[in-house]
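There is one chain below, alone, in structure tokens, taken in the form predicted alone.
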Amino acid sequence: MAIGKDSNVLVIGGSSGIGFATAALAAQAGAAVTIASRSPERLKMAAASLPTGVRAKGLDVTDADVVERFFAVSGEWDHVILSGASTKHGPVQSFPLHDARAAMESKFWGAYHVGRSASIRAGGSLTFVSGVYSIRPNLQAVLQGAINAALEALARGLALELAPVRVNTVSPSLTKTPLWDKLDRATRDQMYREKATQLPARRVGEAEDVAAAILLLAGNPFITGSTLLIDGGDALV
């Protein structure tokens, strides 16, 4: 089921970063797009910057009851996309347990709640965003790697359970998004330059790179249960 003027697309986390870029690309393709997020302020700003006609809805995916009620009244979707969640990270032995559980609640259980309740038309798609740490662990983000691996395994299982709805995962490496704006510009730009020198692609990702991969998986009727690396070769090095 290609993404175009006859498709109804929900982008959860569409108020910023990869989700915002995905919503913009889908809207440019002619889809009827709805973005959803926990933050009313971010939703309002995002909707004002996206193409005319994009709708905005509040949704907290960490609350299973809220997710269930949302999909009970929203009707069927052609494509549901859950972009990556921002989580704290650190070494396992020193990382506060409440932060660790919050990270799991946000990124894994949020996806679980969506997979459990989303109403998607036959032949449509559900797409998650994980991350390259699922296969290339990082000393400072061990939990994030475990969450990403769990998310990818969840998607493969859901590809069987929800068939003929297709379920896939996009796995990016470091991507330029507002997430990194919390760093001062010099530190952030140095991080990007250093990462680019390490990658075979010799550049870091842009949100639009990942968005294009998401729509590729969502729109291809013969892809399900797959994880697509969009990492500039990060998994190789």
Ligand SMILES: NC(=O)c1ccc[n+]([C@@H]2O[C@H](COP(=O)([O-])OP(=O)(O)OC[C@H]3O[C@@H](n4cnc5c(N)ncnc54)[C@H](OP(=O)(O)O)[C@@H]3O)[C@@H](O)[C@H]2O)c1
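We number the residues from 1 along the sequence you see. No experiment lies behind these values; they were computed from the predicted model shown.
Below, we turn to the form predicted together with this ligand, even though it does not appear here.
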Can you pick out, from Arg203, Arg55, Arg42, Arg69, the residue that has a heavy atom within 4.5 Å of this ligand in the predicted bound form? Arg42
Considering non-hydrogen atoms and a 4.5 Å limit, does this ligand approach Gly17 in the predicted bound form? yes
Does Leu126 reach this ligand in the predicted bound form, with heavy atoms at most 4.5 Å apart? no
Any of the heavy atoms of Ser134 lying within 4.5 Å of this ligand in the predicted bound form? no
Contact between Arg188 and this ligand in the predicted bound form at 4.5 Å, heavy atoms? no
Interface segment, criterion being heavy atoms within 4.5 Å of this ligand in the predicted bound form, picked from 194-202, 173-181, 26-34, 47-55: 173-181
Sequence order please: the residues of 73-91 with a heavy atom within 4.5 Å of this ligand in the predicted bound form. Ser83, Gly84, Ala85, Ser86
